[in-house]
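Given as structure tokens, the chain that follows is alone and in the form predicted on its own.
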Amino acid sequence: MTSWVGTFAEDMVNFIGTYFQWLLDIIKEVINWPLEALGSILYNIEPIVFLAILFVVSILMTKRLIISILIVFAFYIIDWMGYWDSAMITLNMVIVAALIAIIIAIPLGIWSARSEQANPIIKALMDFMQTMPAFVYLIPAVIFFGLGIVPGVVATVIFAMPPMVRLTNLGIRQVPTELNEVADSFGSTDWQKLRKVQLPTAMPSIMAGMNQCIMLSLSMVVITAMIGGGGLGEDIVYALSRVDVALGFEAGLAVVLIAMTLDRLTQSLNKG
């Protein structure tokens, strides 16, 4: 039997579903557009072409031949094991979810850093979002958006945002006071100070938040297979239902290889 807390949460979900369905439909369409656009590329591109593009991108980003070869080899292993299509679905969801999370999180982090009134509220919200079990996000996502990739992306965005918000906030707050004073002494506006002083100085922290956001997106995308997200998560759930160690290990290895690739690429951005 649920308490009034659970009843209140259920009433809130029902209220949103009843009176804001039009907004939920707009959100679904907005998320579905980049998923279809990127998916049309990833799902139809030949593996050899993808590997060639990945090698060039890796060279440009990491500037290290060995790392680039290993990254390409990781995706070759995924193709060799027969999980290419699943990997592309997972990669599509991760990229879209991470981009949406970053677009929302950076302004929130900046607002939190520059407003002492908003900071405790945003911090409390991020604490709630970060500590809530990942599976709980699947329930309202299914109620609001049904089954499929879109609710999986929505749940992933909510789950992956907190570290991006926190590290953006932290990075801007750690900008030396002297730099802010110099910007003020030259008559910089708040926007100029943010763009030319605070954001460049805070970039290492922001990039670390971006890395964490992408890693959390990948971990959550696997879980969203339980609500029809598909991809490698679906292979893992299927292996779990059949207690198939071989299938589970291969699909899990594919997730690990994608995670290592994204981690190395985002870390190279930070170093750059």
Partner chain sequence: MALNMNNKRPIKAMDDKFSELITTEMNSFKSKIRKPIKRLSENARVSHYENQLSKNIFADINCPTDSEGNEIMIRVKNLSKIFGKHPESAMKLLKNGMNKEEIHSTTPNTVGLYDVSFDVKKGELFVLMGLSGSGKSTLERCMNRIIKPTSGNVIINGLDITSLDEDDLRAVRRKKMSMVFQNFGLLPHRDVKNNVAYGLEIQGVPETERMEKTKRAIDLIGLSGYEDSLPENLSGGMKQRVGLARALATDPDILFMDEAFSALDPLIRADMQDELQRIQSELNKTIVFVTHDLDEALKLGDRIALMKDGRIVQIGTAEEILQNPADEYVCRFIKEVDRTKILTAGTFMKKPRGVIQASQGPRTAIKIMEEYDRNNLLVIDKGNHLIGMIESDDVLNVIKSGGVLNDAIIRDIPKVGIETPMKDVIQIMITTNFSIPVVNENDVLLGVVSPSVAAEALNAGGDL
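Numbering follows the first chain given and starts at 1. Small disclaimer: the values here were computed from a predicted structure and weren't measured.
The same protein also has a form predicted together with its partner chain, omitted here; what follows describes it.
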> Going by a heavy atom distance of 4.5 Å, is Val197 a contact of its partner chain in the predicted complex?
Replying inline: yes
> Do Met132 and its partner chain come within 4.5 Å of each other in the predicted complex, heavy atoms counted?
Replying inline: no
> Would Asn119 count as touching its partner chain in the predicted complex under a 4.5 Å heavy atom rule?
Replying inline: no
> Using heavy atoms and a 4.5 Å limit, would one call Gln174 a contact residue for its partner chain in the predicted complex?
Replying inline: no
> Any idea which of 174 to 182, 80 to 88, 103 to 111, 138 to 146 reaches within 4.5 Å of its partner chain in the predicted complex, heavy atoms considered?
Replying inline: 174 to 182
>> Contact check in the predicted complex: Leu60, Lys63 and Thr201 versus its partner chain, with a cutoff of 4.5 Å between any heavy atoms. Do all three pass?
In response: yes
>> Just to make sure I understand: among 142 to 160, which residues lie within 4.5 Å of its partner chain in the predicted complex, judging by heavy atoms?
In response: none
